[in-house]
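Just the one chain here, the form predicted alone, laid out as structure tokens.
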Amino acid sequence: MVALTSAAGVAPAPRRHRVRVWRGLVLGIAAAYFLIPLYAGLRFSFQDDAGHWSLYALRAIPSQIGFTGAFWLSIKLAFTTLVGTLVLMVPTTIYVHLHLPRVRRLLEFVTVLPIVIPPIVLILGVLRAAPIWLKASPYLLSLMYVILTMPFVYRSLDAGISAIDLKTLVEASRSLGANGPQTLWRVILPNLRAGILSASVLTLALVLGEFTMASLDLWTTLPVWIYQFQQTDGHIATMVSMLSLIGTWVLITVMVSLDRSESRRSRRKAEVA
């Protein structure tokens, strides 16, 4: 009977139960690691100096000096960085995969450098070498943010391209009479939607939370404003930090949901066809 039970596959059940228990324990610890500080920050931001619950910090945010300018500056830097990163990295990654496969290792090494070199070293070197007209513009930060996001963007795009048969798609598109831009826009980019979305999410998250370069370049982005205003009113600064964090999560969730819904529509169309 024991042999039959083991052969029938009933014996491994306790092992599966143990795996589920450990998985739940790990997920619980991870959830506590992220949610407890978030709860503490929200609780502090919704309290006044006397410890009573209050919406004062939430209502007072729009009227604070410098908040609107810092917020819109961060949004503009995030948008310009995202556009610049995709325009630079998407064609470069595709071209390397198609025509220069031997250069992939060199490109991987180059894109790792922004992680190895501290941001403070990068911005100080750029501030010494950049012309005056560029240093007077906040969009110098966008150029630096493009460099900072290269490791994450390249790996997202590289994984997306590696998941498809790029050469076959390009050859099939050309055989049907499509030129280079048409192949890129109608064939390659739709198949790279997941990789581009992942790269966009990482870019936005990095730009909206970057502090070191903006502070050394003397531009008041939202993270710099939070740090400066924290000395004036800790409740309002904490509230802005929590809203920024939650807003970033919501943005990422919306982008991922749109990608999933688009994938489902494509599958349904393929099934109908």
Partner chain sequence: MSESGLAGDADATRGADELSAARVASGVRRWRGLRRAAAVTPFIVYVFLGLGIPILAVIDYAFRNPKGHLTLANVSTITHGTYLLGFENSILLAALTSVIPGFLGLTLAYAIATSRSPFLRRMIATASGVLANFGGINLTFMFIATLGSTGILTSWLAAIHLNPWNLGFNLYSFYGVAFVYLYFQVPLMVLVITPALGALRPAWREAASNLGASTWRFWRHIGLPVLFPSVLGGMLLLFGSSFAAYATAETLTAGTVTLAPIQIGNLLNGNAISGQENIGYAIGFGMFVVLAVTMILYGLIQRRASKWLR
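Residue numbers count along the first chain shown, from 1. Keep in mind that this is a model prediction, so the values were computed, not measured. By rigid core we mean the largest C-alpha set that fits within 1.5 Å across both forms.
What follows is about the form predicted together with the partner chain, which we do not show.
Peer 1: Is there any non-hydrogen atom of residue 255 lying within 4.5 Å of the partner chain in the predicted bound form?
Peer 2: Although the partner chain is absent here, residue 255 would stay clear of it in the predicted bound form, with no heavy atoms inside 4.5 Å.
Peer 1: Heavy atom to heavy atom, is residue 79 within 4.5 Å of the partner chain in the predicted bound form?
Peer 2: It does not: once the partner chain is placed as it appears in the predicted bound form, residue 79 has no heavy atom within 4.5 Å of it.
Peer 1: Contact with the partner chain in the predicted bound form for residue 119, defined as at least one heavy atom pair within 4.5 Å: yes or no?
Peer 2: Judged by the heavy-atom cut-off of 4.5 Å, residue 119 is in contact with the partner chain in the predicted bound form.
Peer 1: Although the partner chain is absent from this view, report whether residue 237 comes within 4.5 Å of it in the predicted bound form, heavy atoms only.
Peer 2: Residue 237 belongs to the contact set for the partner chain.
Peer 1: Among 227, 67, 219, 56, which has at least one heavy atom within 4.5 Å of the partner chain in the predicted bound form?
Peer 2: Here the answer is residue option 227.
Peer 1: Which residue, 161, 86, 126, 75, is the contact with the partner chain in the predicted bound form, using a 4.5 Å heavy atom cutoff?
Peer 2: In short, 126.
Peer 1: Taking heavy atoms and a 4.5 Å limit, what residues of 24 to 58 are near the partner chain in the predicted bound form?
Peer 2: The stretch touches the partner through 26, 27, 30, 33, 34, 36, 37, 38, 39, 40, 41, 43, 44.
Peer 1: Could you check, with the core superposed, whether the Cα atom of residue 86 shifts 2 Å or more between this form and the one not shown?
Peer 2: It does not, since the residue 86 C-alpha is displaced less than 2 Å between this form and the one not shown after the core fit.
Peer 1: With the core lined up, does the C-alpha of residue 177 move 2 Å or more between this form and the one not shown?
Peer 2: Shift at residue 177: 2 Å or more after core fit.
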